[in-house]
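Structure 1 and structure 2 below are two forms of the same protein chain, each written out on its own as structure tokens.
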Structure 1
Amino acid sequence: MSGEEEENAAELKIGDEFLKAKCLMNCEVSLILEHKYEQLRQMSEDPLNQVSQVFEKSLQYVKRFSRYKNPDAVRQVREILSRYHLTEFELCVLGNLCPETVEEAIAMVPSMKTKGRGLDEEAIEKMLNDLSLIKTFE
């Protein structure tokens, strides 16, 4: 893998394949995995035996770190963030970490500050405000 050395999420260098792929926020993964786990439970007595360790650990992790619990809120977060011309990866980092200030948001997603993105501090501030509103009304 020649691209390996240059990988850097802060500059959005995550490889073409992943840059174009659909990213999932922790809360979305939680919905998907819980649904799958529920299906398995209906089919067998002992669903924990059916799933891999990777599945189990991921489920525990996304349950612990999901910022939004209800499916409507999850959908709204994605909708709001998608108004700001973010890439999938940036959108999900913001959705996962829920930064509170503009400086924090830029520290979490440095690629937002690269030239020509049209994302000034005001726009970022508005975005964070919109996000925190969902949180309060959930």
Structure 2
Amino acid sequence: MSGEEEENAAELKIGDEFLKAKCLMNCEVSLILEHKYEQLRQMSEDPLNQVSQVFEKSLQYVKRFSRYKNPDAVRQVREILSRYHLTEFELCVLGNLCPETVEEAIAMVPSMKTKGRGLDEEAIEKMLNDLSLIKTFE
């Protein structure tokens, strides 16, 4: 075995390239692909000829699994989660899966409870409450 550490998302051991990468939530990808689809539709009389099967399937997938549809709500979700100094990976996991309880959030993103992060259960509860308000008013 090499001297490299084994990857473990629960401990945020996901590799430097992923820790530094910009991640997108499904709802953000959906907005981007919808915009691109609209551009293709306007450029062609038959937009389906311009869209690959992979593009179409990707769009269907992110639309199906996006918890937020409204562009303002999508922006607010990222803003709220960014306040808690989450990594991009953590932010996207929470934004995609929308946990309802502190226990669910910690189970999905155990790295939030790492010592020194400043995310106690009360802070996580506030974050989840803020997110639930967006879902309620969307």
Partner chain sequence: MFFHIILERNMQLHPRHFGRNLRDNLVAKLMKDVEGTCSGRHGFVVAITGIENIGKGLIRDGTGFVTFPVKYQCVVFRPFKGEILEAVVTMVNKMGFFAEAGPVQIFVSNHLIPDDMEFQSGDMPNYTTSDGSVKIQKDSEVRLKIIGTRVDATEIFCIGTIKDDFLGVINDPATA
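Source: prediction; values computed, not measured. Basically, rigid core = biggest C-alpha set you can superpose within 1.5 Å across the two forms. Here, a residue number simply tells you its place in the sequence of structure 1, counted from 1.
_Identity of the form predicted together with its partner chain among structures 1 and 2_ = Looking at both, the form predicted together with its partner chain is number 1.
*Taking the rigid core as reference, does the Cα of F65 move 2 Å or more between structures 1 and 2?*
Moves: no, less than 2 Å.
_Core-aligned C-alpha movement of E104 between structures 1 and 2 reaching 2 Å_ = Shift of 2 Å or more: no.
*Is there a C-alpha shift of 2 Å or more at E79 between structures 1 and 2 once the rigid core is superposed?*
No, its C-alpha moves less than 2 Å.
*Keeping the rigid core fixed, what distance in angstrom separates the two C-alpha positions of Q39 between structures 1 and 2?*
Q39 is displaced by 2.4 Å at its C-alpha.
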